[in-house]
Ligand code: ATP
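Listed next as structure tokens is one chain, alone, in the form predicted alone.
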Amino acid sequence: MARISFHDLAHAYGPAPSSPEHWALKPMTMTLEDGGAYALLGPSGCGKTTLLNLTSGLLTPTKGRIEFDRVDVTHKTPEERNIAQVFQFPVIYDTMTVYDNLAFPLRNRGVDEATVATRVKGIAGMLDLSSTLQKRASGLTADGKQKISLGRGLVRSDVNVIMFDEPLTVIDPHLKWELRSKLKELHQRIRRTMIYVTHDQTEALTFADKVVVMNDGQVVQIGTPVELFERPRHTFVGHFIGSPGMNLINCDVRDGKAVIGGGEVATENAAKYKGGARTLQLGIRPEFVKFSSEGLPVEVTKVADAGRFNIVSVQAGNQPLKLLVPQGAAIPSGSAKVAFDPARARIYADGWLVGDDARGAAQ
């Protein structure tokens, strides 16, 4: 196992980057604690796979250094870092049996056959591969082959870190929850440091103890699923986490109070705003907006049934806003007013949470 530290780490695929947009991974400093389960979450192109490949040794950073347990591994190979990596598509030997595929990483390191059998059968049981151990891997479905690939990454007990690069892409949707649960269960049993790359918030939030949210080559927040939902440090996090995402409403701040459409709105942090921002927005999740006899005037435009809740779309002036209304609760039509929970309404200046050291979230 390993405590992984990144010190002023950055990477560019082209030579001599001269502006921020040239960096695939912008300079960042961050520590992943020994034995933790982490997810790197963000849209395609945000830098998460670059960070994963820098960690594994498949890439050498343009600048900065990487440490495993305070030992500099920046220029060490994946073998020297003692890592296991599971890729997006299955990496297996079709001509071997399932048993031999799972046993290969252990036999390659000279592990005795009794230990091999114990490890292989244990992992096979967790991944529901026990009944196929003597079958050739070529005869399995795509999800069966990816289970083998997952098992090959998990079967070793000596690795510093196990990394998963969107490993459930080829898995049937109804099996994804089961495999995520199995990975979580296995992590809780063996407490290996695990890093899981995904663009799917459900995968990240159900697997990880902490989620590293990335956008445009930058780490914008690290936190538990609850922290990311309840206190996003950046508007991107609020928008990306949650379904529907956080409402963002353009506003002003005057005399320490938020102002929308000429009316004052109570917030948690408007009084902390010191000025100087190009853009000011009030952020609040749909769960914390409700219809009220007093508040912000809106027009109801759409109601969508989402099971236990209705997602109600309204227009506040020319700005869209969503509410989550419990099934059976009254929903006005046409003109209405909405009120915000003051403890959940926050001001963001140029995307960052006012009054919070958000830009240092990865430090």
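Position 1 is the first residue in the sequence shown; the rest follow in order. All values derive from a computational prediction rather than experimental measurement.
Unshown form predicted in complex with adenosine-5'-triphosphate; subsequent notes refer to it.
Enquirer: For the chain shown here without its partner, which stretch in 301-309, 49-57, 321-329, 27-35 has non-hydrogen atoms within 4.5 angstroms of adenosine-5'-triphosphate in the model of the complex?
Expert: Every other range fails; the passing one is 49-57.
Enquirer: May I ask you to state whether E166 is within 4.5 Å of adenosine-5'-triphosphate in the model of the complex, using heavy atom distances?
Expert: Because a heavy atom of E166 falls inside 4.5 Å of adenosine-5'-triphosphate in the model of the complex, the answer is yes.
Enquirer: Does G45 reach adenosine-5'-triphosphate in the model of the complex if we count a contact as any heavy atom within 4.5 Å?
Expert: Yes, G45 sits close enough to adenosine-5'-triphosphate in the model of the complex that at least one of its heavy atoms falls within 4.5 Å.
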